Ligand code: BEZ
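Heads up, the chain below is alone and in the form predicted on its own; it's given as structure tokens.
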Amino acid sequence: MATIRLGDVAPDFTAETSQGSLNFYDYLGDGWGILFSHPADFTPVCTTELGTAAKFKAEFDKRNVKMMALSVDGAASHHEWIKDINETQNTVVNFPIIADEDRKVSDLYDMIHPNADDTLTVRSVFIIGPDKRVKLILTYPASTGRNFYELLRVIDSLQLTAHHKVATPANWKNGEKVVVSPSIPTDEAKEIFTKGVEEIKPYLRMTPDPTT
């Protein structure tokens, strides 16, 4: 079982899901993807997470990001769990959940927790770019629910920095000032970023969001 690292090509797979058999690459098409794992069906924190993910789907759609979840339980169990999620979270689950009973996808993405039993997936998040490479990996303990506002913030940063020679500073939010890439000389940066370049230090230059 290989360890997935940033920049690696995300492994492709075909799996049974709550929406039938799906190929991961076909499902993503030429857009972005977010794959997140859950230890098992009918778990409390994950129930709130999947409900929240469903409520955030429109925001992910705006960013051309498709969601796919995973649990090591079967599709029939997923359908029963989805009923509970819809009821308790006042939503409708609107993305597929992989039925990973044979742990094929969990193994591909190194989701099996090394310090727990061999069927307990850690609660991982993988953000995958249109080039099918892994852009971000987050792993949460069972006791801490994922922050979907942070996932949107990260996607905004990834999509901005994929097309402009900038980086995003700490606590950055969409529309705020960004950092000019250190590889660009200041004179050149001033030509590229016509809204202005603020030189705080030679290595720390800020500029308004080039997309606004």
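When you see a residue number, it is the position in the sequence shown, counting from 1. The model shown is predicted, which means the values in this text are computed figures rather than measured ones.
Missing here is the form predicted together with this ligand; even so, the following discussion is about that form.
- Interface residue among 142, 92, 138, 76 relative to this ligand in the model of the complex, by the heavy atom within 4.5 Å criterion: 142.
- Checked against this ligand in the model of the complex, the residues 152, 67, 45, 158 give one hit for a heavy atom within 4.5 Å, which is 45.
- This ligand is not shown here, and in the model of the complex it never comes within 4.5 Å of any heavy atom of residue 51.
- Here the chain stands alone, but in the model of the complex its contact with this ligand, taken as any heavy atom within 4.5 Å, falls in 36 to 44 among 36 to 44, 51 to 59, 23 to 31, 161 to 169.
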